[in-house]
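Here's a solo chain for you in structure tokens, the form predicted on its own.
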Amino acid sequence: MKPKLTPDRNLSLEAVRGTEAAAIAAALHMGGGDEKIADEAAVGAMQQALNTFHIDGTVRIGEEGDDINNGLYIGAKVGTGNGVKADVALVALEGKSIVARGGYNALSVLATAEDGGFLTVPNIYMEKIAFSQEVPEGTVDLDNKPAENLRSIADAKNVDIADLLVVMLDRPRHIKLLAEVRKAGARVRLILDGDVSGAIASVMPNNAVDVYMGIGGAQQGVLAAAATRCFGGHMQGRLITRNEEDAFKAREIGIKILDAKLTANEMASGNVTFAATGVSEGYMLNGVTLFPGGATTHSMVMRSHTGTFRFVEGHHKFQKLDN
């Protein structure tokens, strides 16, 4: 019998190695106008790094497709196979279009959990709300009106609604939500991409963002839940099945209640490690800085077992990256 995943500082550092490799690979294509090339480079670099990890890993949240160029699809085996059994959730490059246009706030993200710790979700949409541990759990709910949730958050933080900063994706689907948030009096930061980073910003201690709201990718929702667990924050998510195809995708992987409200713990349970590396400059992490023969990276790594999070600055020499 293989050992269960236990809190392991070495695994935390390995996770960072995976996101660093993907971030550097993507950054080499910054502003190149081709998001596919940038994404494939990040996926390939993360896969190469993952396969050196001393885990018997299974990808639960991963990349689309299962062709020869993508070994990080859902269900793929990663790691050396000789270590602990672990679930792996990843987005090698969050913000493909950001990198293609040389934009702001692209990330590489990787999380690990105990075997069975990550909820497998299809590549469809999820409605989400995330907020910090300062707000009592149960006072904010996806079924509440936005103004009600904002009032609960403001009361918990002992501030006015006008002092709150709400982050959401800049999408046509959020026109009604945006109008309601503005009517309630809160400030808004619209982001072009970066679903995971928006949620993380809302649960980080002493951060300017108070709440993340809106509809984004379901798989990014599970990664956001992993980070939320590590920070001790709160999150709810609910799958959005726009049509029968979405419903079929959800049922096919075993989801029985399509409109269930999911907590962070239901999406990412047990001992969780989360790592993210900035690809381009963001409001949480600096982007990759390239220099002749190498690169500098800025990452964060967290463990739910301890609640500890660290910022890691990496200095990489390209001729030694394989060592």
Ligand code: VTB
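Being a predicted model, the structure only gives us computed values, none of them experimental. Position 1 is the first residue in the sequence shown; the rest follow in order.
One more form of this protein, predicted in complex with the ligand, exists but is not displayed; see below.
Candidate site Gly95, Tyr125 and Leu169: all three near the ligand in the predicted bound form by heavy atom within 4.5 Å: Per the other structure, all of Gly95, Tyr125 and Leu169 touch the ligand.
Option from 192 to 200, 144 to 152, 111 to 119, 129 to 137 whose residues, in the predicted bound form, bring a heavy atom within 4.5 Å of the ligand: Result of the contact check: 192 to 200.
Non-hydrogen atom contact Arg173 with the ligand in the predicted bound form at 4.5 angstroms: Taking the distances in the predicted bound form, the answer for Arg173 is yes, it comes within 4.5 Å of the ligand.
Heavy atom of Gly217 within 4.5 Å of the ligand in the predicted bound form: Gly217: contacts the ligand in the predicted bound form.
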